[in-house]
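Encoded as C-alpha cells, the following chain is the form predicted alone, with no partner shown.
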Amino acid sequence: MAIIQTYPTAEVLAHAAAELFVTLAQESIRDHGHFSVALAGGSTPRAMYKNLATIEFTQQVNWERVYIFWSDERCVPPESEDSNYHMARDAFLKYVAIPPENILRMQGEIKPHQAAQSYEETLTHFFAPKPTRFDLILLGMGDDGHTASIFPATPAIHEAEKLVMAQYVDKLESWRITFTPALINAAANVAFLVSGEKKAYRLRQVIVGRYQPDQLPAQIVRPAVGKLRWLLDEAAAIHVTSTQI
C-alpha cells in the first residue's frame, strides 16, 4: 500500500518532506540508535535540503547519529556541479553539525563498476551483521518515469542480486551508479518527492496505470514490508487522488 500526500505548492511540499525527514530521524534514533538515509538528486529534493539547513530543523535532530548515503550518482568528480553529492553538500550538509565520517558518498570519479562494487561493500559493512535496510530512501521521478538512475529499458530494473550497480544510460550518453530495486524495496521507508505539471501525466501512469516497469521504472518501487509515500505538489497530482492505494 502506498500513501499519496498532496501539497498546494512545491515549497509546501519541500517543507513537509523536511518534517518527514526529522520525524523519521527522531524515531529511528530512539529505536535503534541511528538514522540511515539515502538522499536523491533533483530540484525538488534540493528544496527539501534547503529547509533542513534552517534553524527550524537543524535543532531538532541529533546529527551525530545521522548517516548520509546517496541512492544514485552521476559518474563525475565530487566538485562537479552535476554531482548529487555536491548539490546536497552545498544546500544542506555544510550547514548541519554532522560528522564528516557520517557522510558516505558514491565515488563518481572512479571507474563506474568499481564505484558500484565499493559502495555495495560500504553498505554491507555499515549495516552488518544485520541486513542492509535503510531507515529512509528518498527518490525523485523523471518525466520519463525513471527513478534514482534506473531508466527505462536498462538492466537495473530487473537486478535481483546486486544492491548497487553501474550502468550506461544511452539517452544521456553517460554512466550512472544506482541503488537497485532489491535495495530500495528493503527500506523501512521510501519517499518519492515529485513536483511540477510536466510530470503529471507520467505520474498517473506510474501510480494507477498498467504495471510495465520496463517503460516506467518507478513502478518497480514496492517495499516488501516498509512504507511507501508519494509526496506531491498539486501541479504534479492533477491526475491522481490523495489517498491510500
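All residue numbers refer to positions in the sequence shown, first residue = 1. No experiment lies behind these values; they were computed from the predicted model shown.
Beyond the structure shown, there is the form predicted in complex with a small molecule, which is absent from this document and is the topic of what follows.
Stretch in contact in the model of the complex with the small molecule, which is absent here, among 179-187, 49-57, 210-218, 35-43 (heavy atoms within 4.5 Å): Of the options given, it is 35-43.
Please check if Pro112 has a heavy atom lying within 4.5 Å of any heavy atom of the small molecule in the model of the complex. Residue-level check for Pro112: no, no contact with the small molecule.
Touches the small molecule in the model of the complex: His86 (any heavy atom, 4.5 Å): His86: no, not in contact with the small molecule in the model of the complex.
Determine whether any heavy atom of Arg74 comes within 4.5 Å of a heavy atom of the small molecule in the model of the complex, and answer yes or no. Contact check for Arg74: yes, within 4.5 Å of the small molecule in the model of the complex.
Please run the contact check for Met141 against the small molecule in the model of the complex: heavy atoms, 4.5 angstroms, yes or no? Met141 belongs to the contact set for the small molecule.
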